[in-house]
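In structure tokens, one chain follows: the form predicted alone.
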Amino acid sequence: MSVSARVRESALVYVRLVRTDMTKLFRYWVVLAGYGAMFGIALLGAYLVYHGEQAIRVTSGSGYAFAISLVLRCVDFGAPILFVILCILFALEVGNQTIKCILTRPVTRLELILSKYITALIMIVVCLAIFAAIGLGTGWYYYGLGDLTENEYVLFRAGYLYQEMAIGFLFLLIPFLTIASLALMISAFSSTTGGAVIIGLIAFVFFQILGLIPATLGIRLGENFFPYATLGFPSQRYVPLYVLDDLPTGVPIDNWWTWDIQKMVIICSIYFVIFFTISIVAVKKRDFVL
């Protein structure tokens, strides 16, 4: 078999596995309720933020500022919900005994776990797309979207703003993928969905607590300071949004590759490799016949 034929066959295996995952997942009320909650949180948050601003006579100033502020709040509340959903991703196969049927087909264990990561990526993108769509949609409705101006002077063209927001969301995928890798690692060891969720939440809270370490504690790496709080990688999901936060006020983003972004990439990459490796080893070594 030629290399191109093997690649095509392998791609078809992943497509079938991911499509099956998506079909099964969106039949479970937990998944539907989770995404429904994220959608509801975003809409309710937009309504409360806007009317709260009106009550204290303070406005976001632009639809972009409103959207970024709303997405920041949504990411705060939505990440734990998405994490719980991803915790059951592999445990469902074990709990329902469907993994035995899958492994009797021409599917390797490596392909199986990698397909779960692809499914997790799709679910993350859907989640962030919901937040972005509602943020920009309500921002447009309340304040309007277009060129950012001040006293009839154009600060930023709309195209530039959308470009920088797109870059920010791409960086946002990094901490979310690391959160997903933690969920899948725990799911790979679990035999029941309930156990996966409980253990997963304990682990998630633990890493969240690490993010509360005072920012003054850490180590110095040359001219840069690496706070221990960065070890709480779930909190790194705020970093790209903090970078974006000044953009609608007229402060340009000169460079995305700042030390804060570098810290996020470094710590999330290390955790991802660890969790990813452990999940692969767990699936390869585990006896699913029992």
Partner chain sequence: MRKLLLALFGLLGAGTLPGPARADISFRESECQFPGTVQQRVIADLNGDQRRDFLVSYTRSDKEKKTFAAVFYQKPDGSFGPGPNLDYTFPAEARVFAVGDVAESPGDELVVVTGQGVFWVEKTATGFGRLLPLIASENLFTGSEPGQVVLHRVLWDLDGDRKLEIILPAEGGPLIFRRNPEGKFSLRQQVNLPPVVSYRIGSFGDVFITDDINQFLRWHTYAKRVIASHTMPDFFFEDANDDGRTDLLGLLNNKLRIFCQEPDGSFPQSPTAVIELSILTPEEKKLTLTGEALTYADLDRDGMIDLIMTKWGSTENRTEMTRFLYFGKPGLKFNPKPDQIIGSTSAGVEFGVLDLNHDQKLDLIIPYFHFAPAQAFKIMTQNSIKIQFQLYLCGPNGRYSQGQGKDYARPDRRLILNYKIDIIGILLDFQTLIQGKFQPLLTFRDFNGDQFPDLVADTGSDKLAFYWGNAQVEFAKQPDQVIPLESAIVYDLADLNGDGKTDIITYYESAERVQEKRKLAQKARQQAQQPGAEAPAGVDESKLMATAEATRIKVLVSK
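Every value quoted in this text rests on a predicted model; they were computed, and no experiment measured them. Positions refer to the first chain, counted from 1.
Below, we refer to the form predicted in complex with the partner chain, which is not included among the displayed structures.
Exercise. Is E164 close enough to the partner chain in the model of the complex to count, meaning some heavy atom within 4.5 Å?
Worked result: No.
Problem set entry | is_contact(L48, the partner chain) in the model of the complex, heavy atom dist at most 4.5 Å | No, L48 sits far enough from the partner chain in the model of the complex that none of its heavy atoms falls within 4.5 Å.
For this session: Using the partner position in the model of the complex, report whether R157 sits within 4.5 Å of the partner chain, counting heavy atoms only.
Result: No, R157 is distant from the partner.
Exercise. Hey, in the model of the complex, does L201 get a heavy atom within 4.5 angstroms of the partner chain?
Worked result: Residue-level check for L201: no, no contact with the partner chain.
Problem set entry | Stretch in contact in the model of the complex with the partner chain, which is absent here, among 214-222, 79-87, 123-131, 180-188 (heavy atoms within 4.5 Å) | The contacting stretch is 214-222.
Exercise. Taking the partner chain in the model of the complex, which residues along 91-120 bring a heavy atom to within 4.5 Å of it?
Worked result: Counting only heavy atoms within 4.5 Å of the partner chain in the model of the complex, no residue of 91-120 makes contact.
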